[in-house]
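Before any questions on how it binds or moves, here is one chain, the form predicted on its own, in structure tokens.
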């Protein structure tokens, strides 16, 4: 749980880097930040070099001054451990800390995310620094959270990682024979006779492209191993802090749908989930919402912390467009609508040099309070202060779950076939977007989740069915739930070995179909199928399937090619529920129509009926239910309300059942 009780409202602030500035600027910053309603700052994110100038010296004097000044000004602190980038002296003296990249090249000092997660040097000094920070600042009652490292990520293929990989494999497989069986090393004569014959899979060994590998099982396990290795770095620092401060609230900032790290495993080790939201300029609002709901989902539905967003502009996109007036406020409230109990920015003052000097900030290079961005930040600060605790600790109630799994993501995109255009995240977004644009609340959950609380569970491209997870689906459907999956599902087991005797493997009896073949269509090539009398395109993959108890939901199946007439959409009555199978990919119009029909059958209601581009979602607790209505359009929109409601932000009452939202406007509604 986010320790908001120390703040009494939605935490508002973000990264502050006063170590980059002369001390005379600090007092000015305190006045400007207070004027903008900032109450929480994240300190010490990249200060390792100044805190530890050599192997034996630690100098906290400058951080002491910053901590005291922030406390004197009544602000709370999220204190970081600074271990996201190691000092230059460390790289020079201990080269084992430097990563080896996918091409097999040894890195030099530079950039960040530059530390090998299995380096003895990194593990020693990062943990020691975290402990020293905890010891020094344990009595500061204005520290609300501890922030380990920063945006963990990246890869390493050095000898230390290779050795650690072998240890990880021995713990998982126990015997070399079990490993050979799991990886099917009889193929191409890859049999291993001893553990030390296993090497890291990269461009020097198993890969012929970044995402194409000759042995998917080896590359998949290395992906799992890297995620666990980096997680181990976090856990060691967390434990060092908790050894000194047992009740410390510890987190690290995640990055939404970030492929390299299995965040379901990470969230189990975090006191609360936090993440950084930096959507691209062209991102659809549903795509942004997906990341919020994913972060809420990995945390078991608990509120999360929005740790970073830009108040105005990013600096790393090809074209770094400004956030138009109102957009920062809109996206801040969208985060709250989907589970955030904080609104935090990177950064408080705009840097003077290096790659982020043009990244947005509350205080611009001008150092003034009359900039557009500062005024917008201050206005939002006033609104969040007026809301107080009213929006905090609420949960999103949903009848719909989308099953999401990093192993599936990795396995599908390592697969040698059927199509290089098959992207797991894209397929998940097809379903999520269709539901979100119709204002259905959606939970994004792991494949090992008990589904009994849902009416509809969707597992897009459920390629890898691990362990006994099929029993969770079987039980869910038998007890009356509706399950929906797609092409290229039920294909392999956990080790990426094919489940024999017919696709979709362990899901075959639930779905009532046998998939004999899959046809991969090149970009621009389409088949067609009919659903409810309307023709829709079929592209990407087309399953050629046979009914084994299921019935066709469409009227005539595919319309072209030698498999014309074969089913494209099926339904199988299984126990008290139904299991649906989509044998191909289609367009937005199809997913919207099909999912609307399915939700109606299951008795699932949208949060609110709204015009296109107006998003509605809800959060609730024992004190009631709040509906967030967000207009993502460039023009005003009219919404019909089911009952008289009050806007928490302005206090305005809507008794006539009509609501008019200006462009980019937001309302938080409660029934009266």
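Positions refer to the first chain, counted from 1. Remember, predicted model here, so these are calculated numbers, not experimental data.
The same protein also has a form predicted together with ligand GLA, omitted here; what follows describes it.
Transferring ligand GLA from its position in the predicted complex by superimposing the surrounding C-alpha atoms leaves no ligand atom within 2.4 angstroms of any backbone or C-beta atom of the displayed chain; the site is open. Using a 4.5 angstroms limit between non-hydrogen atoms, residue 137 is distant from ligand GLA in the predicted complex. For the chain shown alone, residue 272 is not a contact residue for ligand GLA in the predicted complex, no non-hydrogen atom being within 4.5 angstroms. Proximity of residue 150 to ligand GLA in the predicted complex: non-hydrogen atoms within 4.5 Å are present. In the predicted complex, ligand GLA lies farther than 4.5 Å from every heavy atom of residue 102.
Listed stretches are 325-333, 355-363, 177-185, 392-400; the contact stretch with ligand GLA in the predicted complex is 355-363, by a heavy atom cutoff of 4.5 Å. Checking 496, 543, 308, 443 for any heavy atom within 4.5 Å of ligand GLA in the predicted complex turns up a single hit: 308.
A heavy atom within 4.5 Å of ligand GLA in the predicted complex is found for exactly one of 368, 534, 379, 112: 112. In the predicted complex, 253 is the single residue of 238-257 with at least one heavy atom within 4.5 Å of ligand GLA.
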